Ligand SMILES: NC(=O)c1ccc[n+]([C@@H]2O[C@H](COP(=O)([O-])OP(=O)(O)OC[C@H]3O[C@@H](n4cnc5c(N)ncnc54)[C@H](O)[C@@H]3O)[C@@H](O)[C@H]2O)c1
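Next comes just one chain, in structure tokens: the form predicted on its own.
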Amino acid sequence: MDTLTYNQCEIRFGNLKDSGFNDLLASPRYAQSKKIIITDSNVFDLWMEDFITSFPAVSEAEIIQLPPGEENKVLDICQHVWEALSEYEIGRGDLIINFGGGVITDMGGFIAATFKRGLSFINIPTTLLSQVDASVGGKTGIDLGPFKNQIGVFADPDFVFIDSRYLTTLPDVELDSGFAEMLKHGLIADAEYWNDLQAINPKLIPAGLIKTIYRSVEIKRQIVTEDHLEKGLRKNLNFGHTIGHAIEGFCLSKDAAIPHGFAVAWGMLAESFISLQKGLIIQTMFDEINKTIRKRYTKLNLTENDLEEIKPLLLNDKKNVGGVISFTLLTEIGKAVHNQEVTAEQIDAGLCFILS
């Protein structure tokens, strides 16, 4: 079984049943801990019976089942979970197991990190997006209205278990959503990896993604190990997210939510166009990115009037400093630069381009 580590977190890749998961929970580290499983109704219906019956160490765990979807990654839901943890008399020596996609690992990690000033938690991500991004790196948080991840803390899980078997029940749209973050890793850090991703058939097959999942996690792990609290290099991981989060938040506020990865994909294209405008990348590189995004991701159902509502959301991006919108942009495929100031005119052009 392949493993990676960062800080005190260990990431294990492979079939969960062969990962030592049950032995770990039965070890002195967790044997006396009460176990709480946080999941959503989708994962519960698909995988919970298999999970509980496969691992005796969680046979008596309390299960907290949450409604799925980004619209539920909010403080009210957290409060209900904190109240449940109090009813279960959960203490600081107990363990939360986040079993689900990015909403569950983001919110479950936040719930664990803030309850009684911090519980241990383990992430078992079940979507491609959460396996290559959300479950790794120590960012936890929830949304505030249309503003993505406005409330949160840095808190690392003890372990992350990545099992591609859980991807077999995902619809194609969810696989494509996660694939956007993989494309981002190639664009900001590894041109060869970007080329490898281009060779993957438009229809994504979970079994064929194992090596690329590992490479994406490896790239993120290298970055967060060097800059865990996002003071410098880690900001490169925000490529596509400044505009992408604004698009996602706008759509969510209109009850027309789109997958996170689709918003990020179009955000990457807009920010690549801005990179081109600023003379940071050459036309042929931009054309390659443009072709890739438009080939895989459905065009956004937005109008120019919508853009006027999206632009103010950029002003509340958590990466901004001193009222200046801060972007991560590309200098070539495989390299990025952060803390880039962008003019209002360049933002307008980038947004208009993705509507064309």
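Quick caveat: nothing in here was measured; it's all calculated off a predicted structure. Quick note: we count residues from 1 along the sequence shown, nothing fancier.
Just so it is clear, the following notes concern the form predicted together with the named molecule, a form of the same protein that is not shown.
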> Should Tyr166 be counted as a contact of the named molecule in the predicted bound form, where contact means heavy atoms within 4.5 Å?
Replying inline: yes
> Should Pro312 be classed as touching the named molecule in the predicted bound form when contacts are defined as heavy atoms within 4.5 Å?
Replying inline: no
>> I'd like to know if Leu46 sits close to the named molecule in the predicted bound form, meaning any non-hydrogen atom pair within 4.5 angstroms.
In response: yes
> According to a 4.5 angstroms non-hydrogen atom cut-off, is Thr331 in contact with the named molecule in the predicted bound form?
Replying inline: no
> Does every residue of Gly102, Ser130 and Asp133 put a non-hydrogen atom within 4.5 angstroms of the named molecule in the predicted bound form?
Replying inline: yes
> Okay, which stretch from 282 to 290, 199 to 207, 109 to 117, 146 to 154 lines the named molecule in the predicted bound form, with non-hydrogen atoms inside 4.5 Å?
Replying inline: 146 to 154
>> Heavy atom within 4.5 Å of the named molecule in the predicted bound form: which residues of 255 to 284 meet that condition, in order?
In response: His260
